[in-house]
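Just one chain follows, in the form predicted alone, and it is written as structure tokens.
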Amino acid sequence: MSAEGQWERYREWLYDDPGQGFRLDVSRMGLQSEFVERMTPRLEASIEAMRRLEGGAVANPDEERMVGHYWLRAPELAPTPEIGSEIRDTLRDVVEFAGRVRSSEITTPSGESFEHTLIVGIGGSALGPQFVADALGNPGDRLRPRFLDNTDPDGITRVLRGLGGDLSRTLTVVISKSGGTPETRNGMLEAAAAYRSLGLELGPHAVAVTGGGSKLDDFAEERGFLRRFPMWDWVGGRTSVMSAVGLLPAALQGIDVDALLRGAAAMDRATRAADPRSNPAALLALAWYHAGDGRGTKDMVVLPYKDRLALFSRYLQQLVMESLGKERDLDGNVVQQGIAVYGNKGSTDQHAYVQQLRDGLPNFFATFVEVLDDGAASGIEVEDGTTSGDFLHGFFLGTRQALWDSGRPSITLTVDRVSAERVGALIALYERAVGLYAELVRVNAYHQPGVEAGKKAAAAVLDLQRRLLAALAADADGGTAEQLAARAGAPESVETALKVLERLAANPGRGVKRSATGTPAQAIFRRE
């Protein structure tokens, strides 16, 4: 296509909202007016489904619950006055509590100010808060959060050792809707042990964000946690960043949570428009559908040209892939839908995988995120009349053009600056786009049966480990993985048994020893 033709497409397909400092360019995605016209009835049905969802319809039949994360930034839309009041009251309580901590009105048991925050959570209980903290925080922020977001002992130790003696002045926020998520429970227990090693108790240093009556709620009450904030069953983990899950860590750090909500609410309003060309979420959903033939055949590569947005692709991985990656559609047909998401910050990618993006498999579409304002420190001139920011912008435009010249489609999101309002708008934009796309391909965006299957499989592995240890304890001579799996009543799981036994033997103190000779299948395992 000629430069003149592309310019005309840019003008035709550009969505521009100066009031929000936001612009969306899908002109390089190959959309045609005929495609949009053909898809308009389905898109109108998707927008209507979104309207019903916002009105309180049961959107997750697996759990018989509503899906109401949009009410978090517009409580007046909640289906009952009680829910609207709960949202407002919780926001008020979050802001008040964070303010009292920051002003040292709420202190440690010894009367010291809290200076650090430790967030214990996983998945949506960590990814959203991490993205917001990194995008809007600064290195010198008091109460800047650290995260225990896995059950890796080495990772937990690194974070806790990084706090060192400052743990005594650290406020720990434990986030789990059910209170039974193993990774979060383990992180909480590890943190409690670290406090005890200093002669302290977790409770007076802790806050819980959880469902009412959950295991964590009961634990927090028993241990005297400073506060408990609610997680509602109508808010899913991957869309919970506008609840206390994300707002409490942000408010403690000093981020303007009202602005975050305000930006999201403004984007929600924009994405209710019936005309797809006036609705940025609809444009995104149509572009995704067109790029992947409605079957997710193209990956989404997210390339933010701003260090503050480096975690955006990681956040979107869960939001997009957990929402859209489904085996069956709403009618029960096997469809195996989904869009794979990966990315890294520009211009780091010039030295990473852009080579493949330009010259390798054309199995993706790129999403560039452009930020116009370089930030408070615009930088020196590294060349005559040229700053580091000029180079960054040049790399962005050059990479986009290089991909276009090679026939690779791309979307460009432009924001005027990184602020709480703009971050809120970006989060809301993708929540809405995911919801609309899910309706277009007829999958349930609000359940995650695959995640639950993985949890059940993990529980089965831990049960096998207990039976293997019992088999070892019953016979001092031990045995091979095959022999021990049979004694544990799981001969069909011999490969898993071998993996379990090898890891136990590799960790001193677990009481399992492996013979140094023979292949893995021949190795003898016994109690030390």
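Residue numbers here begin at 1 and follow the sequence given. Since the model is a prediction, treat every value here as computed from it, not as a measurement.
Just so it is clear, the following notes concern the form predicted together with another copy of the chain, a form of the same protein that is not shown.
A residue is said to contact a partner when one of its heavy atoms sits within 4.5 Å of a partner heavy atom; Tyr10 meets this definition for another copy of the chain in the model of the complex.
Another copy of the chain is not drawn, but in the model of the complex it has no heavy atom within 4.5 Å of Arg92. In the model of the complex, at least one heavy atom of Arg28 sits within 4.5 Å of a heavy atom of another copy of the chain.
The shortest heavy atom separation between Pro153 and another copy of the chain in the model of the complex is within 4.5 Å.
Of the candidates Pro79, Gly137, Pro230, Gly203, Gly137 is the one whose heavy atoms come within 4.5 Å of another copy of the chain in the model of the complex; the others do not. The three residues Thr107, Ser168 and Leu171 each lack any heavy atom within 4.5 Å of another copy of the chain in the model of the complex.
Comparing 83 to 91, 406 to 414, 426 to 434, 240 to 248 against another copy of the chain in the model of the complex, the single stretch with non-hydrogen atoms within 4.5 angstroms of it is 406 to 414. For the stretch 418 to 438, the set of residues having any non-hydrogen atom within 4.5 angstroms of another copy of the chain in the model of the complex is empty.
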